[in-house]
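Each of two forms of one protein chain follows alone as structure tokens, named structure 1 and structure 2.
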Structure 1
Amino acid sequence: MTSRRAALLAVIAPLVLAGCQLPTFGANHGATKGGTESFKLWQGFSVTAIIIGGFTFLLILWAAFRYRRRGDSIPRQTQYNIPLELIYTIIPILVVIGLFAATVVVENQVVSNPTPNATVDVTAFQWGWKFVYPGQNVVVVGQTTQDPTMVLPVGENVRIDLRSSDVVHGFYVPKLNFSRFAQPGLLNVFTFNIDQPGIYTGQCSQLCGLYHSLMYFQIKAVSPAAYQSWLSANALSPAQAAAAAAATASQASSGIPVKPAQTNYGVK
């Protein structure tokens, strides 16, 4: 009984100590088409790894007990089992090909940029975010403790043009299973199609300076009708747009966490 308990503990302990969560395996379900497919791919990889790892572990146990030392004599030596060697060579190759093909399919879905229904220019800076809606006169700016909100329509393709005005930042939204670099001098383009209304917290994922840990933002997904109403309600006049741009430059140069009464220009 003791040996059985030890064997059971040896199987369960790694799962418990690793904080394994079933059936998600520690990942988010995703709220975009690409994020959901990435989650399914992660599940497939995890299940495959468990099956292969478990089978390998059983083979090791079987060999250890079946061929354990019983005396000083050398056991009978054998070699060249061609059918068996073909099996353990071909099956791993097929597994790798299958995982590679699944990865290519999902990656193509994630990086695809279909015709957008809306566009948002996103600029990362030390230590905040600026969201500009081209042609809509809507600008949202927030730094450090301000956590600006980017409003997006549900069920529509939204193109994101991502830039950085200073150093390398990371645009990371955990619940969307999505992360991209914001790099100075480089435009990074991707498309969101969020399928569930809600608020999704994002953050900078690249160490970018003193207040990196405060560089958060929010994505608020609403219905297309609510999105259009929000754009109309928050459109800026030319003078307000100029003031927002000036405030962004001032905030970026100060580098001091502040939280004034109104920080997200264009948001009410």
Structure 2
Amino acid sequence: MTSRRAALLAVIAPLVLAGCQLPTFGANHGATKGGTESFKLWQGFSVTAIIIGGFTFLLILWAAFRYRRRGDSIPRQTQYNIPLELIYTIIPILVVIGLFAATVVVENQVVSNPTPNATVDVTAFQWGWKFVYPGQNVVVVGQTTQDPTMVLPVGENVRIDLRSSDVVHGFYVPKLNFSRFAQPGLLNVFTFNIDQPGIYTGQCSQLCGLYHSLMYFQIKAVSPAAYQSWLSANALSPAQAAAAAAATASQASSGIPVKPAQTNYGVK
């Protein structure tokens, strides 16, 4: 019973293969703990998809070629085969339950919010981003002509408080395997933990108007010590910082000077 064995394999594949060496199936490895788990889930789904999809594809091809017309006789008028129909109802249900179980395990990890070591208030606006480091007097703003950079410590829990000051935007970092909508009137909170230093490009994923295509930002992940020194090197006076943080997005995008985004942050 090839189909049953294939399906059984498909049910356990996401769980068993999680630790094995598999191709990426096109996805990023994910530079956070949650992102890595999502990547493994991706691999599990892909193995399942290839087994079941490939099996079904071959069945279609077999039926299409093997049973092409060879004469004018009328074949047996078979209409039902209840045991077979039950098999291809029940096995997919089992596969779906397996996929769902694996999904819930990973999902709980990705959406969990452990105690943060650092917090950034992110506000998306047409067409740029404002990063406020609460209590640190650091504010970074950038828009289409100059991407802002969010410096973050590696190996620590980073909490993002995500808002939008106008329309719906998407905070999307492909290499972290994560995105979340920034929505007017709603606060979205999520936490991630980047495992490797590096620069991760992010951009707006949800259509937000004219310059949606140009709404990039960078995440620069550095050691915790470098992060601390970056914070102190870029701190404004409390009054300046409060003014910068309170500046509306429209002021930021219309060029009213807040602390401008920098390209060189003096850290390695």
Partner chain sequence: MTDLIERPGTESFDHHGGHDEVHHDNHDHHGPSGLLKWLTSTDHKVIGINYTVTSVLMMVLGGALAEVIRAQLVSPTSTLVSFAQYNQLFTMHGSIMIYLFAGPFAFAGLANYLVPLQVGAPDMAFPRLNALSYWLYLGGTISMLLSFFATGGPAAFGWVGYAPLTSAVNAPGVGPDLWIGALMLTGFSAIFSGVNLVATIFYLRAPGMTLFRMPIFTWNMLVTGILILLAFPVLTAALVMLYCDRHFGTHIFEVQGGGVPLLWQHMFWFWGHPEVYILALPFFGMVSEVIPVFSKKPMFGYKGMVFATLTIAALSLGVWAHHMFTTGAVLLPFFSIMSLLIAVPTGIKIFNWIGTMWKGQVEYTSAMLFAVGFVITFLIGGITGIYLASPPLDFFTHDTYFVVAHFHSVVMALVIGAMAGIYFWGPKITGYKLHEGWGKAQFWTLFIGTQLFTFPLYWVGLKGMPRRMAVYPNNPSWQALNQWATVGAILIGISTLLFVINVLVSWRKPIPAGDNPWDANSLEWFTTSPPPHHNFLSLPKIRSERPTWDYNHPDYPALGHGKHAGAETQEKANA
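A quick note: this is a predicted structure, and the numbers were derived from the prediction, not measured. Along the sequence of structure 1, residues get numbers from 1 upward. The term rigid core refers to the maximal set of C-alpha atoms that superpose within 1.5 Å between the two forms.
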Block containing the form predicted on its own is structure 1
- Two-part rigid motion between structures 1 and 2: residue 168 with residue 114: yes
Rigid-body analysis between structures 1 and 2 gives the smaller part's rotation relative to the larger, in degrees, as 17
In Å, the rigid core superposition gives a C-alpha shift for residue 78 between structures 1 and 2 of 9.1
The CA shift of residue 53 between structures 1 and 2, rigid core aligned, in angstrom, is 2.4
